[in-house]
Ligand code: NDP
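The data below hold one chain only, encoded as structure tokens and taken in the form predicted on its own.
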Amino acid sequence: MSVLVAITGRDNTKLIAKMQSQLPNIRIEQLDDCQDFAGVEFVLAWNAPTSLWQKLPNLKAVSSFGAGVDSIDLSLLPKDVEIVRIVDEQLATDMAEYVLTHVLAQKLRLKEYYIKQQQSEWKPKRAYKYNQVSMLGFGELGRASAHSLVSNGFKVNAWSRTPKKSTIATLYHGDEGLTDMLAQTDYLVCLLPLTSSTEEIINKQLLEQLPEHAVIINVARGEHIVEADLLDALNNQRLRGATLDVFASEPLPSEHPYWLHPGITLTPHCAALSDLDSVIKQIADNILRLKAGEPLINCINKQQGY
């Protein structure tokens, strides 16, 4: 068998060298240098060209190079191909720290003070009293973030497509549940997987259901937000602010209005970055499992898309 690395937009030299050191008896090729597509049984992918999949008649498994699989068009893959993702325990801790930090930053008016500093303006104000954080999505990252927030005095709500259980968050599900949750939201944190049903979920209709003092924090995918609707809500004071770590186009183009908007705090997709050694260990494990005919780990539900 051979393994194909089909990750675009980055230098994969170090990645492939580390993979090869753990898999010395397996051929690992990069997309541009592949000489034998018929021999490929395992693909490590991120934003791979859609034309690739039809070239792989013996493909058995695809691993996303990330926690989500939204960069892979699942409809183009045969039904018997397994799809796996990366699960990094450190990601949950990192995400929880990021979410808590930026909820607190919004509560304590830090963006406002940064702007005042540039203007040499001394104008202290009390922190906002708002204390309810609502989450869109309540998977591993959401649960870790909820624990951190509750430990720091916040009340946490969480919405998911289907019912879940929790001892620390008030849970909602379905369309009616989402409406109920939004009405009592001070900080809305998006941690949803990107699927056809969650794309552009943060749109004009949703934003209009939030209190005017609410803040959006998006750490999931840029495509969850309708950018024009978010900017319109901010510009018309129907939303207090937004912290954005992910964008539909990355790196964010220099001419994008997000950069200079006073209501937006922007970070460069850094909320939770996977450790390369941990990622490679999981990928190598699945490659060896495939070769031995053993079940793969961290498989997704292809119907749900996560």
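Start at 1 with the first residue shown and count on from there. In this text the structure is predicted, and so the values were computed from the model without any measurement.
Beyond what is shown, the protein has a form predicted together with the ligand; the following relates to that form.
Among heavy atoms of L141, some come within 4.5 Å of the ligand in the predicted bound form.
In the predicted bound form, the ligand sits within 4.5 Å of a heavy atom belonging to D70. For the chain shown alone, H269 is a contact residue for the ligand in the predicted bound form, at least one non-hydrogen atom being within 4.5 angstroms. Interface membership of S75, defined by any non-hydrogen atom within 4.5 Å of the ligand in the predicted bound form, is ruled out. Scanning K107, K111, H147, R221 against the ligand in the predicted bound form with a 4.5 Å heavy atom cut-off leaves one residue, R221. Of the candidates S197, Q117, Q205, N131, S197 is the one whose heavy atoms come within 4.5 Å of the ligand in the predicted bound form; the others do not. You can rule out all but one of 52-60, 33-41, 258-266, 240-248: in the predicted bound form, only 240-248 has residues with a heavy atom within 4.5 Å of the ligand. Taking the ligand as it sits in the predicted bound form, the stretch 14-28 never comes within 4.5 angstroms of it through any non-hydrogen atom.
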